[in-house]
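Encoded as structure tokens, the following chain is the form predicted on its own, with no partner shown.
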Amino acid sequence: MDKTVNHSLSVCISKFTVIIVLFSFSFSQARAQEILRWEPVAPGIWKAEAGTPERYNLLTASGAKPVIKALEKMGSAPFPLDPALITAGIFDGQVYLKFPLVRGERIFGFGLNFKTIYQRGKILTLHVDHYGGTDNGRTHAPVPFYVSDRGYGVFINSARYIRVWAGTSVNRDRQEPSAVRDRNTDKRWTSAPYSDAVDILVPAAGCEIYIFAGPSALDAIRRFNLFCGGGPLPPRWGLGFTQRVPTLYTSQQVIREAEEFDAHNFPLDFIGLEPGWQSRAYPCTFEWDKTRYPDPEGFVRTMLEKGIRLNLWTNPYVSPESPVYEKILPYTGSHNVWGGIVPDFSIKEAQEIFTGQLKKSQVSIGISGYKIDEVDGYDRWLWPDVAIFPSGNSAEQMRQTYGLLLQRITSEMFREANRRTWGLTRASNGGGVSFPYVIYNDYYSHEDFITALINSGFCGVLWTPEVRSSKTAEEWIRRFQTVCFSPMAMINAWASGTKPWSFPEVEDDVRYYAYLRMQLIPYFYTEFAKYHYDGTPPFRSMVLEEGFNPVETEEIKNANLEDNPYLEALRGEIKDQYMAGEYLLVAPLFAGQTSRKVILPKGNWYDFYTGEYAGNGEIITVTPGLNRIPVFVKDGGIIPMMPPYSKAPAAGKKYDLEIRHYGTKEGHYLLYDDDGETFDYEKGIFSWREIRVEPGKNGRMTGSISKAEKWKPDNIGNVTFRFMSLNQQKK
């Protein structure tokens, strides 16, 4: 056989189909001929199959359904890559994929990373696991999706442990020949030469590949999110404040906890009960402990009468003492976890037995959601990769999708009851965009929590930088400030027993931010509606903000970047400030900091609290004091705020609005409204109210809000406008 590379390529590009024919490489062992046929599946989205894809994958596990109307509204776009530079091959029963990179290109994503935003120069194994402190691909949501600042995204739909070389490997047939340098004499020699490709290894006989067009990176992310069903629309109460109580609390202690919140004048919408609510845990019975909760139905009713909903911790491993043990046993895997059996939730019978117990014992009496724990790892106690499951799906596939399956079946359970839920999970993956769950973990670095919040916007998941405990009042208030600008405003006191007022010296400041969170519910609720209807992540990186120009550190600026992709990837990496919705730029401070630099995108920006001008496309230094987290609003920004209620408005309850306008530009905002609790919005029972701020006849800014359409929700009471930057007040 000829030892040279025998490479024949045929490319056909049309409005409808892109075909790549890639013939075998004839090295010592040949890779099988592979044909990638790129078929459009939605506007700006193409699919190809390499090899023979497995029947079970991330999209089948999640049940994700594309939101075609929203994708059609985005419009078409051209295929964003040169198809001749996308290659595939099958070797040793595995799929080899290669996607091109160009110089200066930055890529983001590959799941919920905690340390870095830029992923070029990384070697990853995308593997569901508890995050262990290193961005190596083992994380709670190792979503095999990446997006480029050149305006496209790539998704590998496989429930396998996918290997990624994100701009690290150097193929000898690369487009740009590699420079050969003598380490003895050439100071430019590097151990990490320039790479022009993302190489991916899928350990399966085939997989599906999706390409998402832009034109911008945010547009590619929006298409991905909409293709996976669009983001969740939480109940309005889910955006309020939540406290998780210590593990062995009794029903009376939980009631007293709610009364303490009232006594200290703190808002509270839902309380999380930890393992002690169950008669046995690790593994679980999914039954109430009658010594701590002798009257579950009466207890839940009492809490609901107080306006407090309850969220229950659980893991899915079934105790021999559970009433469903015998029924579900035939549908479980070969290995136990903590002595409990492991249901195969890809089997309908297992789903029905499990959710039947939850409905009977909990949901039917008014429980509002779940915290799904321990579905991520560690290897030392979770089932091994040699485990066998009755569905025939491999242990590896079950590991990658177990969090998806639990989210899916519990979400559908609440949908059947026409009640929205808002919960927590330890694991998710590609396809899980629409599930009403926020990821959390036991890793507790405040700085890394913010980086994770930023990265969540690249991969279709939600993350909360929850507050558990703190060594000082300074750390406490800094953590609390950031959690109020996240998907779930939560203190998790399961082990510490902490309360919002645990540090009296900052109690007033903590209370201020708890109520600020409540005031911002109309804004955040609308931003989640955008996530649901048009795929825009509510919390996202600055690199997705128009006009943002990251800067280089002096160390990197002066380094030799010619052939070092790692340093190139780090240029201007900003991982400690982010966008919260359309208009708010949040720049947290951490314990020990009294000041920080903030990079403002182009355009005028204003201080959220005062309306004062902050800067335009520049780096500013802020010294806000302990009682403030720096927040800035872009010119023309409109922030709808409600009064500082202690609880989110219930369905049908009207609330007043103070609409703040910042800067000197005209403003326009669509405010979303529905009943806040049910799925009736899927029947069209929702409204978008248009808010406008523009100069009046006297030249002064004036504001208006459109009337609710007939037969549409109308929960807005009195409306006032506050012009923060012009010191004007519309009466």
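Please read all numbers here as calculations on a predicted model, not as lab measurements. Don't overthink the numbering: it's just position in the shown sequence, from 1.
Absent from the display: the form predicted together with ligand GAL. The rest refers to it.
K.L.:
Within 4.5 Å, heavy atoms only, which of Asp509, Glu274, Asp607, Glu582 is in contact with ligand GAL in the model of the complex?
P.N.:
Here the answer is residue option Glu274.
K.L.:
So which of Arg223, Arg426, Arg399, Arg236 reaches within 4.5 angstroms of ligand GAL in the model of the complex, heavy atom to heavy atom?
P.N.:
Exactly one listed residue reaches within 4.5 Å, namely Arg426.
K.L.:
Name the stretch, out of 119-127, 382-390, 82-90, 436-444, where some heavy atom lies within 4.5 Å of ligand GAL in the model of the complex.
P.N.:
Answer to the contact question: 436-444.
K.L.:
Is Tyr282 close enough to ligand GAL in the model of the complex to count, meaning some heavy atom within 4.5 Å?
P.N.:
Yes, Tyr282 is a contact residue.
K.L.:
Please run the contact check for Lys371 against ligand GAL in the model of the complex: heavy atoms, 4.5 angstroms, yes or no?
P.N.:
Taking the distances in the model of the complex, the answer for Lys371 is yes, it comes within 4.5 Å of ligand GAL.
K.L.:
I'd like to know whether Asn492 contacts ligand GAL in the model of the complex, with contact meaning heavy atoms within 4.5 angstroms.
P.N.:
The answer is yes: Asn492 has a heavy atom within 4.5 Å of ligand GAL.
K.L.:
Just checking whether Trp313 would be counted as a contact of ligand GAL in the model of the complex - the rule being heavy atoms within 4.5 angstroms.
P.N.:
Trp313: contacts ligand GAL in the model of the complex.
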